[in-house]
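Listed next as structure tokens is one chain, alone, in the form predicted alone.
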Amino acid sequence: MSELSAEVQGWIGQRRYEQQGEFDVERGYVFTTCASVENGNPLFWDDEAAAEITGGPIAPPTMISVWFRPHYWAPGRSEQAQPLQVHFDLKQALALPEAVMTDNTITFGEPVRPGDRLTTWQVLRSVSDPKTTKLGSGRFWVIDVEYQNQKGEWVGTESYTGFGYRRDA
């Protein structure tokens, strides 16, 4: 870790890029997503079943990141929004032009419901010492993307492990 710049070391454990979703959770996205993968779970389609099982309609838990996938264009935006910005910051700060995600784990909390407006932020959890793999030389990093609803309730965390590298000559 001593080889990491003070700037990168300062990112570890800190909330970065906190943002509120650009739109509310809405059922049209839920129906389209479920239809695209032929997910007929009545929990997402049937209001009576949803009321009985979860106290009302919910979005599929695996859609948690959908509510933050930036639209290519939005009024007033001067540059294209980029998801998982900490990952791209690390690539630049560590001069590692290539990167892959090697692991992704999602932990779920309170259900996400239509009408919710979610807030998210990214937390760099760790950066490894330099490593060499078949891809090249670089570092592994772990980034958590945390989500909460408008009530401040935790609804989930996505944890990504990435490997930024430079191809060996």
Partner chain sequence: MSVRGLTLDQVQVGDKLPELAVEVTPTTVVLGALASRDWRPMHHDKDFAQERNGTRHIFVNTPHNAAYFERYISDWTGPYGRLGRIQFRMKDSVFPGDTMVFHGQVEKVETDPADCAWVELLLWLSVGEKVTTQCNARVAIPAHDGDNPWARRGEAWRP
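Positions refer to the first chain, counted from 1. As the structure is a computational prediction, the values presented were derived from the model and not from experiment.
Note that the form predicted together with its partner chain isn't included here; everything after this is about it.
Peer 1: Suppose contact means a heavy atom within 4.5 Å; in the model of the complex, does that hold for all of 23, 37 and 153 with its partner chain?
Peer 2: Spot residues vs its partner chain: full contact, yes.
Peer 1: Might residue 119 be said to contact its partner chain in the model of the complex, defining contact as any heavy atom within 4.5 Å?
Peer 2: Because no heavy atom of residue 119 falls inside 4.5 Å of its partner chain in the model of the complex, the answer is no.
Peer 1: Heavy atoms within 4.5 Å of its partner chain in the model of the complex: does residue 129 have any?
Peer 2: Residue-level check for residue 129: no, no contact with its partner chain.
Peer 1: Can you work out whether residue 69 and its partner chain are in contact in the model of the complex, taking contact to mean some heavy atom pair no more than 4.5 Å apart?
Peer 2: Residue 69: yes, in contact with its partner chain in the model of the complex.
Peer 1: Examine residue 102 and determine whether its closest non-hydrogen atom to its partner chain in the model of the complex is within 4.5 angstroms.
Peer 2: Taking the distances in the model of the complex, the answer for residue 102 is yes, it comes within 4.5 Å of its partner chain.
Peer 1: Determine the residues of 98 to 129 with a heavy atom within 4.5 Å of its partner chain in the model of the complex and present them in sequence order; the list may be empty.
Peer 2: Residues within 4.5 Å: 102, 103, 104, 105, 106, 107, 108, 109, 110, 111.
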